[in-house]
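To begin, one chain is listed below as structure tokens, in the form predicted on its own.
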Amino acid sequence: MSKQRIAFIGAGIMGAPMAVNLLKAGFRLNIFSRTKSKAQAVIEAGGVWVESPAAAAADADVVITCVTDTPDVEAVLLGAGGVIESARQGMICIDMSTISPQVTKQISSSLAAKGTVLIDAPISGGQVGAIEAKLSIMAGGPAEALKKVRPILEAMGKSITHCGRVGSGQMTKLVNQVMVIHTIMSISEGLAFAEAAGLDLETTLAATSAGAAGSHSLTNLAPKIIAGDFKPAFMVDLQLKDLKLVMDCARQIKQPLPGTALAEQLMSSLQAVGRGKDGTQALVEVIRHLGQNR
């Protein structure tokens, strides 16, 4: 039995390697991206280029979207030339972007009118996780639909968690982003503190990584900070987009997040000086700057 044909929409830092991993796993794949050049690696791996989301979905069993923000998902799924023009009974859409949980529910209702099921399945693990097919996938939607597409998700991730009904995946991802930003904040403050105290940063990292401070973020981001490497595994602009979603949801459910609000403001200062395309580890530069007059 041949594997399902997938329509993959989006070929950014995360999407392109995810699509390549699906091809490596033997899935047939149509690829669409706003910028064709970004999809070149997917095309070279065997993906079939198409000219619109609707064309990508026309002969696909499953549609995967991995794009930047809520309006982008709405456009590729529901807009002119969007997936909804090819949507039909039995099709499953998997949105692996990080977007508004509320809008996710609205999109689900629109697709359901065509007999198409939406699974919201945002991801965590960064560019390395996407390349190595080790992403953490947080899925919301019907359990039976998730079961059907689990082999597809397993080609991209190492952890697939059913978080509940549609929208639950997105809300769980926002919880993840709250925790992640605090981890980045702690690493930035810790290393700035160590540097100001005159400690050797490599030695400090070795000592703290082996103790209770050890974490995935410390292991992956601290060496970059020490080396002065601010190339993005996850960009400041995207982190701020996610934090806006967090704070919008927090206001709606009336849950104060004072630490997250502070981290968002400090991260915003990077964007304000034109460093939105840097990796999130650049937050250390903000903390260092605060201590320049000591």
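For every residue, the number given is its place in the sequence shown, counted from 1. Fair warning: this is a prediction, and the values are worked out from it, not measured in the lab. The term rigid core refers to the maximal set of C-alpha atoms that superpose within 1.5 Å between the two forms.
A second form of this protein, the form predicted in complex with a further copy of the same chain, is not displayed here; the remarks below concern that form.
**Student:** Residue-level question: is residue 197 within 4.5 Å of a further copy of the same chain in the predicted complex, judged on heavy atoms?
**Tutor:** Yes, contact at 4.5 Å.
**Student:** Even though a further copy of the same chain is not shown here, does residue 189 get within 4.5 Å of it in the predicted complex, heavy atoms only?
**Tutor:** Residue 189: yes, in contact with a further copy of the same chain in the predicted complex.
**Student:** Find out whether any non-hydrogen atom of residue 37 is located within 4.5 angstroms of a further copy of the same chain in the predicted complex, and reply yes or no.
**Tutor:** Residue 37: no, not in contact with a further copy of the same chain in the predicted complex.
**Student:** With heavy atoms only and a cut-off of 4.5 Å, decide whether residue 110 touches a further copy of the same chain in the predicted complex.
**Tutor:** Residue 110: no, not in contact with a further copy of the same chain in the predicted complex.
**Student:** Have a look at 110-118, 209-217, 149-157, 77-85 and name the one stretch with heavy atoms inside 4.5 Å of a further copy of the same chain in the predicted complex.
**Tutor:** In the other structure, the partner sits against 209-217.
**Student:** Can you pick the one in 240, 41, 50, 262 that has a heavy atom within 4.5 Å of a further copy of the same chain in the predicted complex?
**Tutor:** If I apply the 4.5 Å criterion carefully, the residue I get is 262.
**Student:** Go through 226, 257, 233, 58 and name the one with a heavy atom inside 4.5 Å of a further copy of the same chain in the predicted complex.
**Tutor:** None of the other options qualify; the answer is 257.
**Student:** May I ask whether 11, 62 and 93 each come within 4.5 Å of a further copy of the same chain in the predicted complex, counting any non-hydrogen atom?
**Tutor:** The answer is no: none of the three residues contacts the partner (heavy atom, 4.5 Å cut-off).
**Student:** Sequence order please: the residues of 167-197 with a heavy atom within 4.5 Å of a further copy of the same chain in the predicted complex.
**Tutor:** Result: 168, 171, 172, 174, 175, 176, 178, 179, 180, 182, 183, 185, 186, 187, 189, 190, 192, 193, 194, 196, 197.
**Student:** Rigid core aligned, does the Cα position of residue 195 differ by 2 Å or more between the shown form and the other one?
**Tutor:** Indeed, residue 195 is displaced by 2 Å or more.
**Student:** My question is whether residue 91 is one of the residues whose C-alpha shifts by 2 Å or more between the shown form and the other one, given a fit on the rigid core.
**Tutor:** False for residue 91: its C-alpha shift is below 2 Å.
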